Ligand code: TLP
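Just the one chain here, the form predicted on its own, laid out as structure tokens.
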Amino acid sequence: MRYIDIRSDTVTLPTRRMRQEMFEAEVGDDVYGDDPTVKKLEELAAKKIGKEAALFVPSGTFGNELALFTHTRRGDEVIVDKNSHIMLHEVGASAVIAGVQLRTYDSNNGIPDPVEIKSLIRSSNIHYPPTALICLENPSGMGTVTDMDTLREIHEIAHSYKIPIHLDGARIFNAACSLKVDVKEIAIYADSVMFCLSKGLAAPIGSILAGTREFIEKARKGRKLMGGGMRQAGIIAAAGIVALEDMIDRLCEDHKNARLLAKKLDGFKEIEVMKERLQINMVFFKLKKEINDSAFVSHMFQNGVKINPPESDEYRFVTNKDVSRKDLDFVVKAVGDFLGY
């Protein structure tokens, strides 16, 4: 049985070309710097994002935590959104790996306030840890995209305090699609950027950490320390190359499908769609009547649709390359059947 999987865009399957390129990939030992396919991916990624250098890492969480580990020293403080992936979904790794303290700010559905961020920067005081890094997330995991003016203002603040910015840009190409800008125009306002190859871009594994050459050389040693020194990694890097060459331009299609799905779900009086958070390929909604969440998830699965249970009373459906518009009609029908339509 084929399932329509809208749990996330991490569930995307590699394309036929990815599988072929992986099969034929020229490889070497990447820890020795001998893998030509990894080198090609890193050079291409750096060029795409507008940075001097890039590093292939196993996952987005790995890339974010490596960035914190590289930018900071133990006991430093890092400013992050309280609803960010680094704060909520990385298993407290910042404390374990980098040994840093996180200081959180309240965002407006994932969009930061430059004034609040500035207010959180520590002054020099014997009682305070130094503010060593500001972390942003664009797009946010709440389905929103931070505008260019806000990014620019935060960058100016950070620069004036000589504090670097790390951007969790797991879906940065989605942000670029939403803002209708080249991805480099977003990345320029961050000293380091992490982005995922394995979400909407459909590679089976891997992420990229990009920044200056000096930063990436330091991060390369940190990657080894963290256990991320991969050997004949060209086999998986080959799929990442295809992801960057073939899959970026189609991301806007996922956004259109998400808006279509949101419109259809909004037609049910029992559903409240979070329309203000509909800027990328995610549809967030709440059910206005009390239901058995486990029963809903089970019903959808039994009808060929994979969904996640709610988080903080919110459901999230995520469109991706393997979900067609015909599939969306099937999803909506399954939801309607559960609600008694």
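Keep in mind that this is a model prediction, so the values were computed, not measured. Numbering starts at 1 and follows the sequence shown.
This protein has a second form, the form predicted together with the named molecule, left out of what is shown; the following refers to that one.
Using a 4.5 angstroms heavy atom cutoff to the named molecule in the predicted bound form, all of His85, Glu90 and Arg171 count as contacting. For the chain shown alone, Lys51 is not a contact residue for the named molecule in the predicted bound form, no non-hydrogen atom being within 4.5 angstroms. Though the partner is left out of this view, Cys177 does not reach within 4.5 Å of the named molecule in the predicted bound form, counting heavy atoms only. With a 4.5 Å cutoff on heavy atoms, Thr37 does not count as touching the named molecule in the predicted bound form; it lies far away. The named molecule is not shown here, and in the predicted bound form it never comes within 4.5 Å of any heavy atom of Thr70. Residue heavy atoms within 4.5 Å of the named molecule in the predicted bound form occur in exactly one stretch of 110-118, 266-274, 192-200, 70-78, and that stretch is 192-200. The partner is not shown here, but in the predicted bound form the stretch 125-164 reaches within 4.5 angstroms of the named molecule through a heavy atom at Glu137 alone.
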